[in-house]
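A single chain, nothing else alongside it, follows as C-alpha cells in the form predicted on its own.
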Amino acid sequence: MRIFLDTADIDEIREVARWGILSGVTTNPTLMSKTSGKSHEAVIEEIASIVDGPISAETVSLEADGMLEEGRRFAKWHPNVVVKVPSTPAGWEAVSRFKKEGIRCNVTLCFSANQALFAALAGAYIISPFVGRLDDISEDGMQVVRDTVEIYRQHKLETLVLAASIRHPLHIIDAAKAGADIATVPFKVLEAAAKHPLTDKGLDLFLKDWQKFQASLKEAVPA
C-alpha cells in the first residue's frame, strides 16, 4: 500500500517527502483555502516539484461540462495531476469523457460500494471511499473499502482504491489489511503513526549507555 499526504501545506509535504515514504498528494478546496498568497496552479506546481507521484486537484463544478472545463485546465499544469471529481452521476459522466482524452480521475466523496463500482465502470483511475466520515455517523467506513477491494478484484477492475478521511493511525493499518492500494493521510495522523513511546525510550536508554561506555574508556586511559 502506498502513502499519500492529504494536504496543500508545502512544509508538511517537504517534511514527509524527506522520510522516503511519500508517493503522492491529495488536495481539496478546503485544504487549498488554507494556503495564502498563491494560486491553485502555483500550489500544485510546487507540490509537483517535491513529489514524483499523483497529485489530486479537485474541481468545484457540479455539472459534467464544468468539471471537464476545470479538469482540462488542471491537467495542463503537470503530467502528474489527477483530476478529482465527486461520486455523482455528473462526476461519472465527466470521468468517462476524461478517460477518452487520456486524463486520469480520482472520484472523491465515495460512501458506498455501489458508488465505487459505478466510478470504476466509468473509467476512474482512483476511487476514494471516505472512512472517517462514515464512522462519524456510526457506519463502518472501512467496510466500504473492503467491499470495494473485493468487487474490483472479483471483476478485474483496474481502478485503485484509496482510503480517505483517515482519522487515526489504526485506520492506516486497517486500510492496508483491507487491501487498499493507497491511504491518503493528514500530516498530524501520519506523524502520530510514525511515533512509538518504546522507540523513544529505547533510544534514550541506548544513548545513556553509550555515554557511560565512552566515559569508561576515558577513565581507562593512563594519565
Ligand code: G3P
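Predicted model, so just to flag it, every value in this text is computed and none were measured. All residue numbers are counted from 1 along the displayed sequence.
Form predicted together with the named molecule: not shown, discussed below.
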Within 4.5 Å of the named molecule in the model of the complex, heavy atoms considered, which of 78, 133, 72, 153? 133
From the list 196, 188, 177, 167, which entry has a heavy atom within 4.5 Å of the named molecule in the model of the complex? 167
Hey, of 43-51, 25-33, 153-161, 63-71, which bit sits against the named molecule in the model of the complex at 4.5 Å between non-hydrogen atoms? 25-33
According to a 4.5 angstroms non-hydrogen atom cut-off, is residue 59 in contact with the named molecule in the model of the complex? no
Residues in 51-78 with any heavy atom within 4.5 Å of the named molecule in the model of the complex: none
